[in-house]
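First, one chain by itself: the form predicted alone, in structure tokens.
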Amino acid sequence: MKNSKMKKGAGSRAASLLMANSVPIMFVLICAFCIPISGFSPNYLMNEIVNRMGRNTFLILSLLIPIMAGMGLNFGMTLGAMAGEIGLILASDWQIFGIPGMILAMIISIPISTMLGLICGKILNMAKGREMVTSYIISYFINGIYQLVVLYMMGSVIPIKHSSIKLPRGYGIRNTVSLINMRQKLDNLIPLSIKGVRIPVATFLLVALLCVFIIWFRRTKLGQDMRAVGQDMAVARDAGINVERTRIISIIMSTVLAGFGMVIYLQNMGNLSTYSSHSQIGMFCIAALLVGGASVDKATIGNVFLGVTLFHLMFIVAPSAGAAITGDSMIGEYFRVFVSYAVITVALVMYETKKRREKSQLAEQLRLDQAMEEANEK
């Protein structure tokens, strides 16, 4: 009898563990299936993974602080990405390249990101419980303002000297701004190659510094306040925490870090698609985080690294595997875009299902407690 109960308990724990990690397991299986079919060598795959990890990890880490504050997946990180792009456009116009150009772009992005994060945080405080969809719509709204600034105001209101980045009409920024003089300057700052795999040491050092900062920040008074707000806003308010202010600070921090991350991302790419570089960045970063096993209300640094590895490994091998299976590489392209949206959808459905199940269990427990109290009174 005891053994059967132990087996049942172990089985239920295994089932719950499998359910909690279903998305990473699914991606491991997809990658395991696609890697042999794609025909890529292990050395090529390692180079690509390391390169993409350096390019994307800082951006994905910027999502952790709002999750800690209970604000879910911050689609508003796109606001910080736009601020980083404006910084890079101005640095390119002033002909400041390399590491100094990156630092200048980050400095320029800070006040813009702070202002946009403040606006976003104030709006999200008016939409408690619906932060994700609200931040998603805010990113579209601010994108319209960004397009207005770079398409009409730059060159006419904001001075732009160099015609190489201006449209022929004399104002507005070209579709593509070359960052060739900034390309991979950070990645190659400390050169290191291990068995043919190039390691962007300086980029990983910045990522490591951000990881250390997040770990330290969680232990500070403000970090503890954010965790308390994330667990229960009513209890946090009763404990004397300024809930609204704490939530706004978390969004501002996320937006500023996303601006820095976008500069790191674009220096790796070597060019800036003025009107589209930021459009899908939030979606792909959030999808990568969820692939790593994170949820809407809980995410760790380990989720970030696992997610960026699995998600981008799928991005690399899916088109070639699709071409090998069907003869059309676009099948793989459609598949990976479909998976990006599907992962977010599944994660949100699972989160909502879990919340409803917990609510029903709590209601059932309260009903049982009330029934026992009534029976005791009788």
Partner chain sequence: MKNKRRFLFRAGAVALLVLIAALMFVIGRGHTVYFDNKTLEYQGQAYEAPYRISVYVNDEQVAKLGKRERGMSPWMGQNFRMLLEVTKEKGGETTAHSVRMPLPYNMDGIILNLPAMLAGLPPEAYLSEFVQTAEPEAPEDESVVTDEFSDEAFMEAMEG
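Not measured: the values here are computed from a predicted model. Numbering follows the first chain given and starts at 1.
Not on display, but discussed next: the form predicted together with its partner chain.
Quiz item: its partner chain isn't shown here, but in the predicted complex, which of 219 to 227, 95 to 103, 294 to 302, 72 to 80 has heavy atoms within 4.5 Å of it?
Solution: Selected range: 95 to 103.
Self-check item: Contact test, all of 25, 46 and 55, partner its partner chain in the predicted complex, heavy atom 4.5 Å
Solution: Answer is no for this spot.
Exercise. Determine whether any heavy atom of residue 140 comes within 4.5 Å of a heavy atom of its partner chain in the predicted complex, and answer yes or no.
Key: Yes - in the predicted complex, heavy atoms of residue 140 and its partner chain come within 4.5 Å of each other.
Self-check item: Exercise: residue 183 in contact with its partner chain in the predicted complex, heavy atom 4.5 Å
Solution: No, residue 183 sits far enough from its partner chain in the predicted complex that none of its heavy atoms falls within 4.5 Å.
Quiz item: Could you tell me if residue 175 has a non-hydrogen atom within 4.5 Å of its partner chain in the predicted complex?
Solution: Contact check for residue 175: yes, within 4.5 Å of its partner chain in the predicted complex.
Exercise. Please run the contact check for residue 129 against its partner chain in the predicted complex: heavy atoms, 4.5 angstroms, yes or no?
Key: Flag for residue 129 set to no.
Practice problem: Could you check which residue among 133, 107, 235, 189 gets a heavy atom within 4.5 Å of its partner chain in the predicted complex? | Solution: If I apply the 4.5 Å criterion carefully, the residue I get is 107.
Practice problem: Name the residue from 271, 231, 156, 147 that puts a heavy atom within 4.5 Å of its partner chain in the predicted complex. | Solution: Among 271, 231, 156, 147, a heavy atom within 4.5 Å of its partner chain in the predicted complex occurs only for 147.
Self-check item: Any residue of 155 to 170 that, in the predicted complex, places a heavy atom within 4.5 Å of its partner chain
Solution: Contacting residues: 161, 162, 167, 168, 169.
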